[in-house]
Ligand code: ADP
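Okay, here we've got a single chain as structure tokens, the form predicted on its own, with questions on binding and movement later.
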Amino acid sequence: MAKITLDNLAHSYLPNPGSEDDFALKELNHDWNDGEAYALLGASGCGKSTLLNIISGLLQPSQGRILFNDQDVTHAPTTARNIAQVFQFPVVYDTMTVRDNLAFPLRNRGADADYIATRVQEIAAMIGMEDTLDRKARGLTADAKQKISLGRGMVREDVNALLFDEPLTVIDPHMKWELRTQLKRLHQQFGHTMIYVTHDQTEALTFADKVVVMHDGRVVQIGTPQELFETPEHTFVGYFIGSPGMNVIPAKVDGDRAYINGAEVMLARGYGKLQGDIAIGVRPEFARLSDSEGLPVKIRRIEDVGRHKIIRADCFGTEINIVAAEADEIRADMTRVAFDADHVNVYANDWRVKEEAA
């Protein structure tokens, strides 16, 4: 297991980058704690896989260092980093049996035969392949091969880190849930440092202790699922986490009041003088329709999704969403929306603004 430090780390695929826009991975300075499970979450092209490949040693960064337990491994080969990596698509030895595929990393390091047999049996049970241990990998389905890849990544107990690059892409939905549960259990049992790349917020939020949200080559927030939901540090986090995402409404802010087209919104905290593009952000779960208070809205449509209703509305030209309980009555005279003041965040140039000290 290892603490992973990113020190002034950045990467460009261009030979002579001239500006920040030329960097696929913009400057990062972070410590990831020994033994925690992290998910790298973001849209395609945001830098997730680039960062993972730098950590694993498959890619040399353009600048900065990467350290394992404060030891510089920036130029160390993958084999010297003592990590296991599982890729998006299956990487297996077709001519070997499932058993031999799972045992390969242990045999390659000279592990005891009895330990190998026991460990392979444990991993096979974990990935649901006990009945196919003696079958050749050739001819197995893509999701079965990916389970072998996952198993081979998890078979070693002595690794510094386990890295997963969207490993469940080819796995059927039911098996995805089971394997996520198994990965979580593995982490709790052995305490490996785990980094899991995904663009799926459900995978990230159910797997990780901390979610690392990336946008445009930057880490915009590292936090627990609750922190990402309640206090998104960047409007992208608010948009990307949650379904539907956070409402972002252009506003003017003065102290503990926000003004939208002259209409007043109470804030739970006070703010100083703000510069740039100012907006308030509020989750649909913390908005409610009213017949007498709040901002005027025009309801466009109502979507009943079973457990709740999603109200699509227009507020001074900005599209917003409101989540209502399945049993809530929505009347024709409900033409206003009120926000829970404790859950309204303020943003300047897309970044969350801290309230003034009391």
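Just so it is clear, the structure is predicted and the values come from calculations on it, not from any experiment. Each residue number is its position in the shown sequence, starting from 1.
Although not depicted, the form predicted together with the named molecule is the subject of the following passage.
This chain appears without its partner; in the predicted complex, the one residue of Ser62, Ser56, Thr50, Thr318 with a heavy atom within 4.5 Å of the named molecule is Thr50.
Ala24 is the sole member of Met334, Ala338, Val346, Ala24 with a non-hydrogen atom lying within 4.5 angstroms of the named molecule in the predicted complex.
Interface membership of Cys46, defined by any non-hydrogen atom within 4.5 Å of the named molecule in the predicted complex, is confirmed. Stretch-level contact analysis of 38 to 46, 63 to 71, 302 to 310, 288 to 296 against the named molecule in the predicted complex, using heavy atoms and a 4.5 Å limit, identifies 38 to 46.
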